[in-house]
Structures are given as C-alpha cells and as structure tokens.
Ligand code: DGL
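Next up: a single chain in structure tokens, the form predicted alone.
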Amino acid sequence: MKVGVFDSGIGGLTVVKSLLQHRLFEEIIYFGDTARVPYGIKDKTTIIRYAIEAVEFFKNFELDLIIVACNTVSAHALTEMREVSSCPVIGVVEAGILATANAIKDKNSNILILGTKATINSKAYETGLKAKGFNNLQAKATGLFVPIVEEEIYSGEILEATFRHYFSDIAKPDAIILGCTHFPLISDAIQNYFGKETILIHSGDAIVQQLEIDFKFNTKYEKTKLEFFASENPESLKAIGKKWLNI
C-alpha cells in the first residue's frame, strides 16, 4: 500500500508519525506546500486551487490513497480534491469528528475545537459534531500556535502567555479537538494547562482509527519507505521530518 500525505507545511508530519507507529503502509509520500504556508489565513478559492495542484503532484506516483493532513484543506477542499483524484481522498476533519464521537459518549460534554482561522470559520467540525448529537461546542481560532510550533517552541513562557491570551475566558472543556496538525506537538503543554481530565483528540490518531475501522486497514508492514517533497526548501522539511519522527 502506498499513501500520499499532503499538508500546507510541516504540521502533517504528526499524522505521518501516527502512520509509521501503526505500520499501515509500505510507502508514504509526503508533500508539504512550504512555499505557500500558512493556508489558515487564505480564502477558500485559493485553498481549493492549491489543494487541486497537490492532487496533480501526487499523480506522479501510483497511490492507493491520499490523506489530507491539513485541517484547513480538509474543511474547504476535500470535495474538489476527490473530483480530480484517481484514488480515494480522506481528510483529518472527518476523522476527527469520528474519533470524537467514539471517545466521548456523553453528548452534553463541553467540547473545545482549536484550529486556524480558516478551519474555524468553515464550521466543519461544528457541523459534523452537531450531526452526531453534540451541541455544547466552543470553537477558537488559535493561529499563533502554528508559527510557535514551527519555531520549535513546545513549552515555556511564550507558549504559556499565548495560552492565557486565547484561553482566559474559556471554561474547562471535557475534550479538545486539536484541529490543526501542528497542535499535537504542543499537546503536552495543552494537557498541563487544562488538566489530565480533559481528553485531547489528535488528528494522526484519528486518521489511523478511521483507516482501521472504516477502511479495514489492518495489515502491518515490517518497514515503511518514507519520501519527503516540498514546494520550497525540501531539504529543510526533510531535516525537520527526521528530527520529529526520530528516523
């Protein structure tokens, strides 16, 4: 099995990490659109155009599946990607909604959705969760987390100040959806801020759950070949990937 993983930059490597840990694929092709990151502040038409171009890039490989490891693209461009792709396309938003429904049984639970401005404005998570009976939802655009993570700041004063900036008026949630693939890299800090009782929903783990349950991907491969591609400075992405993935 060969999968393409697409993200606007480097955040999707957190999804790759989950895929590697569960050994579901023989080969992973990662493409980060690093020349045009971030997507979270762009308009829908632009996001769709970039997403379709990513599908065109993946046509250079014989893929069995494309995983959109970008919540912004998953929220705005999944339909258009599926229309031009020769293989199935799945996104982290759908997976995150399913994972939340599986993890949270009380429909009255207080769920906090974090993401970029474009993801939050799409209301994709809220629409999907309301369809499953959840109504106690809060959504917060937390775009500053993206450059903080890309600066490899995972704890400390800057992050704590940013938490206070975003969360000072937020009631303690029962669950938090990490609606950007950068955010799992600061999940320990988020967990410490809100407390261990709060459940965190991680895009990478959610995708694995969807693949294993809905798509019946249960074969475990001994070794996974991983290739990195980027629209700008691929060597930098490769170096970061090796560091984050410990390979």
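All residue numbers are counted from 1 along the displayed sequence. As the structure is a prediction and not an experimental result, all values here were calculated from the model.
Omitted from view is the form predicted together with D-glutamic acid (DGL), to which the following refers.
*D-glutamic acid (DGL) in the predicted bound form: within 4.5 Å of a heavy atom of each of P38, C70 and T119?*
All three within 4.5 Å in the predicted bound form.
*asked:* Looking at heavy atoms inside 4.5 Å, which stretch does D-glutamic acid (DGL) contact in the predicted bound form, given the options 174-182, 194-202, 53-61, 216-224?
replied: Only one stretch qualifies here: 174-182.
*Only one of V146, L129, I113, A95 comes within 4.5 Å of D-glutamic acid (DGL) in the predicted bound form by heavy atoms, so just point that one out.*
Checking each option against D-glutamic acid (DGL) in the predicted bound form, the one that comes within 4.5 Å is V146.
*At a 4.5 angstroms cut-off on non-hydrogen atoms, which residues of 1-29 are near D-glutamic acid (DGL) in the predicted bound form? List them in order.*
Heavy-atom contacts to D-glutamic acid (DGL) in the predicted bound form: D7, S8.
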